[in-house]
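Heads up, the chain below is alone and in the form predicted on its own; it's given as structure tokens.
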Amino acid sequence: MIIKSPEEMPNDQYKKAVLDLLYQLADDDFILAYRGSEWLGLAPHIEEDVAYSSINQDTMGHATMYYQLLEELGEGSADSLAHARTPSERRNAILLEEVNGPGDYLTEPRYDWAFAVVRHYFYSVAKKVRIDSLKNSSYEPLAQLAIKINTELYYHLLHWKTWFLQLVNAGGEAPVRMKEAMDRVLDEFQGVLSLGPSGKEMEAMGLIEGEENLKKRWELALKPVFQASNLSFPPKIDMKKGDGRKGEHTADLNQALSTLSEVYNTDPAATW
């Protein structure tokens, strides 16, 4: 069954599953692109500033395209979906909203490059797995979008894989800090791989593969990198702070959305 447009959707259950999936995809990319943008001017060197900014721009563009599909489904304008929804309405994984380093974010902000590398690398691998599955989605507009996004993911994956291997196999304190970052990321990574309460419906309706398949393919993609770096495999993942797919979030998301939506909220009707 291939659904080529919103008008062809067979029933409300199918539409709900599509909406739930699109919100997850959009919100994940949206919030992580923002966290990445906070590194502008703070990356290890100027070339990385340029490369990281380009990746964040791509990622925010992907979020925008998902929001546009939601707009076509009658959920409101893409701008309002990105900026006007409350934290409890967001469906991003909690890991992706977390600040870039430990400490009091407002009074003593800290930036942990090891955490940035691990979070982006593991997420990029998971995103690639999802995109590969979405290219065969029963909802054709989503499948076509996945094909477009896939062309940019190759660069993202290569970039973060290179950083990951360099740091985890380096001398000095780098491997120690990478191990600490991996522990922090893996403690919440189940939230990234989760499809939320509608996961089984998404799978049954052919929108995307099931969680277990996605997880296995994520592990297989990481296996050669872990083995080459003498890291324990498979990585053990958890979801300790709550399930973002159910609207459970942290104060970090409140802060992020306040900053992200400040300009939009001054005049939601303005055009730019």
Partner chain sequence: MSETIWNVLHTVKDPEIDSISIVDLGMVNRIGEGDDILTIELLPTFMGCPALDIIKSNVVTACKEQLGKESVDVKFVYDPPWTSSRLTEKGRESLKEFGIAPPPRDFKGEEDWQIHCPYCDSPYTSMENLFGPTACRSILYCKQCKNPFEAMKPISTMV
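What you see is a predicted model; the values in this text were computed from it and never measured. Numbering follows the first chain given and starts at 1.
Just so it is clear, the following notes concern the form predicted in complex with the partner chain, a form of the same protein that is not shown.
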Non-hydrogen atom within 4.5 angstroms of the partner chain in the model of the complex for each of Q57, Q68 and Q144: yes
Of A204, A51, L40, V225, which one comes within 4.5 Å of the partner chain in the model of the complex, counting heavy atoms only? A51
What is the one choice in R177, R91, K128, H83 with a heavy atom within 4.5 Å of the partner chain in the model of the complex? K128
Is K148 close to the partner chain in the model of the complex, meaning a heavy atom pair under 4.5 Å apart or at it? yes
Using a 4.5 Å heavy atom cut-off, state whether H62 contacts the partner chain in the model of the complex. yes
So in the model of the complex, does L186 come within 4.5 Å of the partner chain, heavy atom to heavy atom? no
Would L158 count as touching the partner chain in the model of the complex under a 4.5 Å heavy atom rule? yes
Considering the partner chain in the model of the complex, find the one stretch among 229 to 237, 26 to 34, 42 to 50, 210 to 218 with heavy atoms no farther than 4.5 Å from it. 42 to 50
Contact set, 1 to 27 vs the partner chain in the model of the complex - heavy atom within 4.5 angstroms: none
